Structures are given as C-alpha cells and as structure tokens.
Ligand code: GAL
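Shown next as structure tokens: one chain only, the form predicted on its own.
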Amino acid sequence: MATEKTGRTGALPFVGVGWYRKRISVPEFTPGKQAIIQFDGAMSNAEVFVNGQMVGNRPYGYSYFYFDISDYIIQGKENVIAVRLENQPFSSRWYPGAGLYRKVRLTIKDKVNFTQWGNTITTPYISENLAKVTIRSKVQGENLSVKISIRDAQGAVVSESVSTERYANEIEQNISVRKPRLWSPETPYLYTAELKLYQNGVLKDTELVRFGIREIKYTAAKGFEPQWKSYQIQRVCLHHDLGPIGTAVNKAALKRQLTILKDLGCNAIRSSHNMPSIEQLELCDEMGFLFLAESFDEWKKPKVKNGYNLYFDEWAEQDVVNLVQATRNHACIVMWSAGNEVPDQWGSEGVKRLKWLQDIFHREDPTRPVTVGMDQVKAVMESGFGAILDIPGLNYRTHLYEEAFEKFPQGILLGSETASTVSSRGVYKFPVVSTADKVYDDLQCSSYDLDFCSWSNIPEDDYVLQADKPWVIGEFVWTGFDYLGEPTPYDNYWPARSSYFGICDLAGLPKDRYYLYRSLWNTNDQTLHMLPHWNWEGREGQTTPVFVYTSYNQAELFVNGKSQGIQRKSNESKLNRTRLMWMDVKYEPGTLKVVAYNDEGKAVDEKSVVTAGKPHHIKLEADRKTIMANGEDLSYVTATVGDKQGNFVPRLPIPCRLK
C-alpha cells in the first residue's frame, strides 16, 4: 500500500525474518579436523547458530563470509545448524531478494591446511615464450611443504614446483610456464594449479585453483591494454536478479545471460551495485568476459534509512577483504569498484573514506586498479575525490567529460555507468521524438530508443565520446537486462515493477536497442535490424518512421516494393553516425523491406517485416533440447504468437492504464 516509489523494489515481499535449520551428522569430523561453514551470500543480517550457540553474524547481504565451527560440532551426534536472516524495510533501492540465495558449504579438513582463501596466484611477467606464475600459499601447521602442479586445459602437467621456505605463515613459489596460452575475451584459456600441502611428507590438504595468464595495464596513451592489445571496453551493468526467477543464483540462467551478451559483442560486466556470485565469475572466466567487481552502493552517508550506512564503520574493511580474497584468482576481474554514487562524494570526510577503502583494495590486491561510479562530477572535481582514484568512473554527465579530463590527473576516464535509455520491447510511440521522463498511459516506453531520464541520455551520447576521445576507455551501459525494481519513469504507478533500462527485457529477450549496440560492438558478425513492426491498423497514410540498426554503412528501404530512398551513415549528427532513419515513411499494410549495401554499392543483405493477420497459434521454442536432471539446470521456452501463415503477430491488447 506504500505510495512512495511503489515499484522501487519490484513490489515484492522481501521484508521480515526468516529461519533456516538443517540437521546433519558429520562422521568425518574427528579429532584433528577442522569444520568451516562458508556463505556466498545471505540476505541479510545473518546470525549463524550451531547446536543453539551463536557462532557469528554478518549484516551485509552480498558479502562472502565463513566461520570456523570446529568447537561447536558434536562428534558422533546429530548437529543443528540454524541461520536467522532479517531484511528491514527501506534497506534497498531495488529488489534484493531474501534468504540464503547463494550457496552454503560445510568443509571438513585437517587442521593442518591451506587457510580459507589463502592461495593467491598472479602472473607478473609474460612474454611469448615464458610466463612467470607467482603462487603465495597461506598455511597453518608446522614442518610443511607445498607442491604445485600447473595443468593446462587438457589436464597435462606443464610445470611443477616444491617449496618448504616459509615466511611467517606464507610459502611463496615462482613457477615458469613455457609458451603460455594467454587469457583474453577472445581466447579465455584457463590453467589449473593443483596445490598439495604436506606435513613431514604426509598429505594434509589439496586445493585446485583455476587461473588465467594475463597482464592488465591502464595508460593515458593507450587506455585499457591487456597483453599488448588495446581494448575499447564494451560493457554492461548487471543487477544480481535473474528476472522472473528471482535472486537465487542459478548457473544455467547466468550462462544464458552471458551467451546473449556474447552475441551482442559485449566484452565486460560490472556487478551492480554489489559483490558478484562465484558462479558468475566462473562463467566469465570460461566465456571470456572482463569483470568490474563492485562492493557497495552506500558508505557512511545513507541513501536509504536501513542501508549499508548502518554497518559501514564496523564492517566495510572486512567486507572488502573478503571480496578480494574470495575472488582475486579469477582471471576475468580486471578492476575493483569501491562504490556507486555514494553521497560521500561531497566533503572532505568522503575523500578520506575513499582513500581508506582504496588502500584496503591495494593492500589485498596490488595488481588491479580501483574505481568508483561518480555522479556528483562537479563536487569530485573540486574536492579531490576523483583525483585519488586509480581510474575515475563517471556515471552519466557526458557534458562534463571534457572538464573532468582536464582536471583529473590520471589521463583516462571510464564511463562507469552510461545511457540509461528506457524502452519497452516491441512498443512504439508517435510522434517519434527524443524526450526525458516521458510517461504514457499504458506504462510503457517507446522502443525507438530515444526516451531517457532527466539524468541520463541516449546511447549515441556515450558512443561519440568513446569513438572520438581516446582517453575514454569504455563504458558500462545501464543495463544489460531489465531487473526487478526501479521502474523509472513509472516509480509511482502500479503495476509497473521492473526496470525499462535493459538492452534485453526481463525475460532476456532482446529489445531493438540490442541490435543498435550489436551493430557497434560485434565486429565478427553482420547486423541488420529494422523497426518498428508493421501492424498499424488505423494509422494508414500516417507518418511512421523506420529505423535500421546495422553494421553496414548504407541501405535502401522499400514499402510494398516502392523505394523510400537510400540512407547512409554520416557525421551530420550523433544519430546519423549509428542509425539509418527514414523519418517520412507513410504506413500502408504489406511488406517493409530493407536492403543493405556494402561500401561498393553492392546489395549484400536484406530483411523484411510483413503485416500479420489475426492471431492463430502459439509457437513454442526451447533454447536447449536437453537439460541435466540435477534440479538446477534450466531451459527457456519462447512463446511466439503467429497468424495462419506463420507470421509473427506483434500486437496484443494491453489492459493497464495510468490512474
């Protein structure tokens, strides 16, 4: 019944107290063993009990954490592990989910072991013929040795090393890999380090750690430069929910998302505005996505009443430490984010907090830079906040890029959050105009991709900056997929409950904007996409503009065989650089066809859209024919309405109206 921001958190129930209890026997827990319980995320304010005794708590719902519960386990008896979780109202700006939405693991191992998240792998030297792999192992116990076997993707051992040299609780080894296969978005090659811990020759612990051999540089001269190749970072932001199936982590659903983004030409992900799941990082390692791992949406100054501001002083350092230690061996991570649009951007206290947080990241991982998504660009230019960062990240504010570049010393800028164009898949509004915060009575936004918010912009504003300014190293578009909550510009209207920002909709189906970005980002495949649909009963003879998103530079449009002329990309305007537009087309039922020409004027591709008849049937198409019977695998089935001839029927009644 709340009237303020009705759909902000998806209008879904997530507030309250929940208990989890599990009864387990642990026969393998014997004298000399250690029991570790690890949580990949618990939403939120977790309190963990074993056999009625509280062993620890963790308030932040996105944080990885663990407890040693060896002293609480009773040998030879049934044990009760209980977790109390509580989500408070006004604790999030989007739908955060609730409960144990990520994995929980209980590990029993010898007390002589590799400490939790204790193995760190870096590749400080790389050449064509040789790579230096440095592995630091934190251990507990005496008279220890660590044997390392590095295996290639086929499992063959390519290098080995053994060491007993110990400094405090750490054993460090430098291992050479000859003719290294490098990890990159194009070739995400992964090695596996098999680490074995021995005490007086007796095997005590084993860990397998996947890693990539890769080097990351950010320079003013060349921007983002891994392995001697300059990249334009073509990225999207992703919230952690999986649309209709909620926030519970599911690897099959995550892989579907990344597969769709791979076809888009996207090469990187920003976890927004939270710590990512381990499963997402594993997939990005395997599939070749660069990753910006973000920590917080809030520091000491609140955005929401019961947000992270309540816990910042006590927990921020440990949450950052756990983020870095739990994920630093993932090849995909190329940058850390200490925060997003934090109100602490104002004033000297915020500058001190940023310096403190960035120093923690550097202490735990000296190999990767740190950024913050900054939206108060004028303030951070004056306070020095933006100058401290390894990489200044600007959220929107495209009109301030030039000034920020002049004032910041780093010589580069990152579009840490861009565009926030809003659209509804398959919905088109007339007349076609570019507007901010426009609302319509059907609670939809126009898919001509010209609608945006008062604080955001259309895609071309960011594209032109990246194309023309070599010091803009890339962008993170808000967002790759629609997500639950924040239904701007319909925050106050029911039943709007999910965002309109996505390049794909809540079900993962591409919007028209998908093909605009694909035409710019996917350099391996050609793109030719036309909008709108061609079912406009009642608009006969009225102006119905046609846009074409294509990787070709020119194309000709036909309505029922009659040419509407050839359009060519040009530098005449921002839109003309990316879109082919026929603004004066008059609607008449029939066939709309576009023919693309190469630069020599030869027809090389075409697409047609026809006026469909009345709905006749529903066609169901599964994205996979076989799924694993493991209770976790998924197949997505797309339902398409067709007419008698099998043509796609694009328009069905939409009953909702503004009130």
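We number the residues from 1 along the sequence you see. Note that this is a predicted model, so its numbers are computed, not measured.
We do not show the form predicted in complex with beta-D-galactopyranose (GAL), though everything after this point is about it.
Chemist: Taking beta-D-galactopyranose (GAL) in the model of the complex as the reference, which of E417, D319, D241, D462 has a non-hydrogen atom within 4.5 Å?
Modeler: Here the answer is residue option E417.
Chemist: Could you tell me which one of E341, E279, E364, D390 places a heavy atom within 4.5 Å of beta-D-galactopyranose (GAL) in the model of the complex?
Modeler: Checking each option against beta-D-galactopyranose (GAL) in the model of the complex, the one that comes within 4.5 Å is E341.
Chemist: Mind telling me which stretch in 390 to 398, 186 to 194, 108 to 116, 166 to 174 gets its heavy atoms within 4.5 Å of beta-D-galactopyranose (GAL) in the model of the complex?
Modeler: Partner-contacting stretch among the options: 390 to 398.
Chemist: Examine E486 and determine whether its closest non-hydrogen atom to beta-D-galactopyranose (GAL) in the model of the complex is within 4.5 angstroms.
Modeler: Judged by the heavy-atom cut-off of 4.5 Å, E486 is in contact with beta-D-galactopyranose (GAL) in the model of the complex.
Chemist: At the 4.5 Å heavy atom threshold, is R235 in contact with beta-D-galactopyranose (GAL) in the model of the complex?
Modeler: Residue-level check for R235: no, no contact with beta-D-galactopyranose (GAL).
Chemist: I'd like to know if W356 sits close to beta-D-galactopyranose (GAL) in the model of the complex, meaning any non-hydrogen atom pair within 4.5 angstroms.
Modeler: Answer no; every heavy atom of W356 is more than 4.5 Å from beta-D-galactopyranose (GAL) in the model of the complex.
Chemist: Using a 4.5 Å heavy atom cut-off, state whether W455 contacts beta-D-galactopyranose (GAL) in the model of the complex.
Modeler: Looking in the model of the complex, residue contacts with beta-D-galactopyranose (GAL) include W455, since a heavy atom lies within 4.5 Å.
Chemist: Sequence order please: the residues of 243 to 274 with a heavy atom within 4.5 Å of beta-D-galactopyranose (GAL) in the model of the complex.
Modeler: Heavy-atom contacts within 4.5 Å come from H273 alone.
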